[in-house]
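Have a look below at one chain only, the form predicted on its own, in C-alpha cells format.
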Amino acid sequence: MDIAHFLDILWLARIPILKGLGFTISISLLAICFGTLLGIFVGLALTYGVRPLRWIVRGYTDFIRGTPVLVLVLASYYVLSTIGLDLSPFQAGVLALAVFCSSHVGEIVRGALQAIPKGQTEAAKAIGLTFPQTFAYVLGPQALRQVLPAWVNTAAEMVKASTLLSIIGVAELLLRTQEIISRSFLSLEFYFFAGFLYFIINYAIERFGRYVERKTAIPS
C-alpha cells in the first residue's frame, strides 16, 4: 500500500468524505432522537396501556423488529410514494431508521419499567401525583439507569444501519467512499478509513452513554 498516494487521494477527496460524514451523523442523530422519543411512548403503551392498545403496539413492535432494515428503507422510499407520500431519500431513510429504532427502544423501556416495583407507582398515586408526574419524577429516573447500556447498543446499530441508505441514493459516508473507490481503485485503504470514521462515531455514542450513566448513578 502506497501511503503517500493514499494520503494524496484522501486530501483531494476530503470534501466529499466530510459531506458524507455529515450526512451519516445527521441521519443517525435524527433517527436516534425520533426513534427514542417514539420508543418511550411505545414502552409506556406496552406497560401501562389498556389491553386493545397493548395488542396494537405489540403487533407494531413485533412486526418492525422482525422486518429487515433494508426492507423498511425500501418501503419508506418506494411504497409510501405509491400512496401519495413523496419523501426525499434523506427523509425516507430517517423515517425507516427511526421506526426501527423505536421498536427496539420500546422493548427496552418496557423491560425497565416492569422491573420497577409496582409499589412505587401506587405510592405516587397515593400522594396525588398524576401519571406524567409519576413518570417524570419516579419511574423515568429509575428506568433511565437500566435502559442506558441497551440504548447505547441500539444507537450504535442505527449508525451502522445508515449504510443501507446508499441503496436509495442518500449520499452518506459509505456511498461517498464507494464513489471515491470507483475513481481511485484504492478499495482496501478507503474502506478501512470509512470503518475508522464509523468507529469514531460509535465510540462517541458509547462515551456519551457512559457520561450519562455516571451522572445518573446513585452515590454509594
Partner chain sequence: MGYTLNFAAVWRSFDLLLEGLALSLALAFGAILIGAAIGLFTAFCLISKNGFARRPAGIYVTIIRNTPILVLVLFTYFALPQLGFRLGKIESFVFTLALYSGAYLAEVFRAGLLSIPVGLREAGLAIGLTEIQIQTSIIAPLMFRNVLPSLSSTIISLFKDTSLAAAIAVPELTFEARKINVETFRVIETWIVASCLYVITCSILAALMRALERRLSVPR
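What you see is a predicted model, and the numbers here were worked out from it, not measured in a lab. Rigid core: the largest C-alpha set superposing within 1.5 Å between the two forms. Numbering follows the first chain given and starts at 1.
One more form of this protein should be noted, the form predicted together with its partner chain, which is absent from this view; the next part is about it.
Contact check for 66, 82 and 202: all three have a heavy atom within 4.5 Å of its partner chain in the predicted bound form.
For the chain shown alone, residue 188 is a contact residue for its partner chain in the predicted bound form, at least one non-hydrogen atom being within 4.5 angstroms. In the predicted bound form, its partner chain sits beyond 4.5 Å of every heavy atom of residue 54. Its partner chain is not drawn, but in the predicted bound form it has a heavy atom within 4.5 Å of residue 163. Among residues of the shown chain, residue 178 is one whose heavy atoms approach its partner chain to within 4.5 Å in the predicted bound form. Put simply, of 148, 87, 99, 74 only one has a heavy atom within 4.5 Å of its partner chain in the predicted bound form, and it is 74. Proximity to its partner chain in the predicted bound form, defined as a heavy atom within 4.5 Å, singles out one entry of 174, 40, 29, 46, which is 174. For the partner-free chain shown, 192, 195, 198, 199, 202, 203, 206 of 192 to 206 come within 4.5 angstroms of its partner chain in the predicted bound form, judged by any non-hydrogen atom.
Once both forms are fitted on their core, the CA shift for residue 16 between the shown form and the other one remains under 2 Å.
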